[in-house]
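Heads up, what comes next is one protein chain in two forms, each shown on its own as structure tokens, labelled structure 1 and structure 2.
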Structure 1
Amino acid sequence: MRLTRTLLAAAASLFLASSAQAALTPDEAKLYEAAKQEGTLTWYVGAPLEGMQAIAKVFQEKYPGVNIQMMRMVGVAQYQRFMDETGAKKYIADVLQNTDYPSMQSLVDDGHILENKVPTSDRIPPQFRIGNFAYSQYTSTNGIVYNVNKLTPDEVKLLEADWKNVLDPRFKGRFSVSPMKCGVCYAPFHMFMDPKFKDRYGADFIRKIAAQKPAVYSEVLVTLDRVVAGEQDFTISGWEASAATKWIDGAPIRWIFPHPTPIFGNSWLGVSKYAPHPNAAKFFLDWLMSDDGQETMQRVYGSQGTLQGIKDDRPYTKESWYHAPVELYQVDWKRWDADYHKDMDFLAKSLKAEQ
């Protein structure tokens, strides 16, 4: 039985591999050959590990001979390690995936990322790319993640209407927030502090959120975990991809996108200028940003890809409770870079003042 299963799996892999390779253009086939000569690549991963492992696995099954070694380093820690290594001429990373946009922008500005126009670059909107150097793999959309056993349908509707409704007295002490300094944690507060929303949200709104006595967790994923467990009814520090991973496992959670919904390009990919395996790196990045790579990412990781015109077969989008965001708020990277620290400190201080 086990032998049969192994043989079937091997046959399926072989079929996948041969059909994927048959679809390559002559240039891509040439690059694949060069990648196979190098045999391996090192991917510095910033996104949650399990999803990225699943993506790498699909790639390796389709393109045998190119082995991916992953090392997880998040945000600025990855930037620092890469820069320390580069300074010491220890070139290890081939592909960088950084969740901190300003860090990737710095790497591009300082000439550490290879110019690499992916074949699909014309279909990637400008806000999701840094020239022909770096590309956002997926978007992050912030929303409210809630436990289905803890909120009534009316409460869900109320929260979906506007972020301001978290101030309703009935929600006092029932939700959580994370003042952790990370992109997805900052995005909603970046929007609240936008000068154009000064009257609608602004600093006063953040103070009022704090006055609602939310549970405060230093780790944003603990915030989600506590909603999954039912410890908190909902969190305003939620985003779709992380919630989707738990939902796929069967956790009793759902999510809504209050209006307006912050959205930003996450998971910035680039090939190191000093990549020890440049062909394997380019071939992999081309695939990640291809229709196949983006659809694979959507299927196994759950985030929406940045490549326009791809099929959206994320499983939860077919659910009756799921409503795609309608009023999107694009982050302003310049203000993001300038105010990130100040805004998050203000949030942390406001929360502490009410604890």
Structure 2
Amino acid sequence: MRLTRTLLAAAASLFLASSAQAALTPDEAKLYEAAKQEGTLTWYVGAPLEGMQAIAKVFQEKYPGVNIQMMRMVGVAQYQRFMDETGAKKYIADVLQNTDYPSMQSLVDDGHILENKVPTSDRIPPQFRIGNFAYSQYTSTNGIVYNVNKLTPDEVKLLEADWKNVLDPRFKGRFSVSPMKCGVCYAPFHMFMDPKFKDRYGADFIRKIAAQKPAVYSEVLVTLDRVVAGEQDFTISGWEASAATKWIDGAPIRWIFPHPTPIFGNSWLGVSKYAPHPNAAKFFLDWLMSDDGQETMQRVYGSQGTLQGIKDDRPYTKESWYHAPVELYQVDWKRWDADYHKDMDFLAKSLKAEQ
């Protein structure tokens, strides 16, 4: 029986691969052959590794002969690592996936990213691309991720109504937060520090969050893991895709979108100008931004893709508990670039002062 299942799985894999390859255009097929000659590529990822590994697995099954190696480094840390390697002429990365837009913009401006017009570029809105150099893989929406065994329905409704309700005395010591310097970590605090929200949130709101004595973790994914484990009731450093991958695996969590909800293009993809495996890198990036790549990403990772014309088939959106965000807050990239470090340092200082 075990042998039969193995043979069936192998046959299915071969069928999947042959079908995918048959759908390639002549130019794509030529690039695939060149990619197979290189045999591998290194992908620097900023998103949660588990989800990106699932995406890479699908790609490798469809296009055998191109192996993907991954290293996870988030936001500014990835930018600095890449620049240190570039300065030393130690070229490792083929494809970059950076969660910090200003970092990717700087790499493009300084000539470190290869110009690469993906076949679907005309279907990627301008706000989700940097010319023909870099592309946002998906949008991120910040929210509150909670353990279903820890919050009452009334508490869920309270938190969903407005971010400021985390200051309710009943929530003191019951949630987690991360001052890690990453895009999804910063987005809500970027919104809180927006001058137009100075009377609603502002610096005083952040100090009051710290006074609620949240559990503080330097790695943002740990904030979610502690909620999954039931050690914390909820996290305000959550975002939809991070929760979706855990929910798909059966974790006892759900998520809500307090009003307003930050949304932005995330995980900016580009091919390094110094890529050791440029053909494999371009072929992989083309696939990531294709219909198939974007559908795969939505299915196994759970974020909304940026490619227009893709059906939203994320599994959790059909659940009765799921409510899409209704009041969206678009980030201000200019202010983001100017205030990112200052705001996150202020958050970290405020949290430390209350520990």
Partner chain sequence: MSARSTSVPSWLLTALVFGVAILPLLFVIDAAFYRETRVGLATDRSWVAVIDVFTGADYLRYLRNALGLAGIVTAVSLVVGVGIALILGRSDIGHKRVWDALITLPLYLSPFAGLMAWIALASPKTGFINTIIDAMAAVFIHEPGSIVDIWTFAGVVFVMTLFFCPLVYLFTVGSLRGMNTALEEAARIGGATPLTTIMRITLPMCLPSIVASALLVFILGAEMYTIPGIIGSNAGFTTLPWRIFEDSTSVPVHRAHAAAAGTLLLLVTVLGVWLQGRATRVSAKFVTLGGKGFNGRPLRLGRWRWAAWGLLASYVLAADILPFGALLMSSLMKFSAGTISAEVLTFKHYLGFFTSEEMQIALLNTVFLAVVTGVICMALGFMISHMALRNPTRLNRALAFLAVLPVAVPGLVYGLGLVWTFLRTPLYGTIWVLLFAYVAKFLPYGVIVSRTGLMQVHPELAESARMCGATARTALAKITAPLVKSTLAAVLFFVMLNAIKELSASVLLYSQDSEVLSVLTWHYMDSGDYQFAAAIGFIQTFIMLAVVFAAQRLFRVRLDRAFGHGGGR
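One-based numbering along structure 1's sequence throughout. Treat the numbers as computed from the prediction; the structure is a model and nothing was measured.
**Q** Tell me which of the two, 1 or 2, is the form predicted on its own.
**A** Answer to the question: structure 2 is the form predicted on its own, whereas structure 1 comes from elsewhere.
**Q** Of S242, L107, I236, Y138, which one sits right at the hinge of the rigid motion between structures 1 and 2?
**A** Considering the domain motion between structures 1 and 2, the hinge residue is Y138.
**Q** Considering the two rigid parts of the chain, by what angle in degrees does the smaller one turn between structures 1 and 2?
**A** Smaller part versus larger part, rotation angle: 15 degrees.
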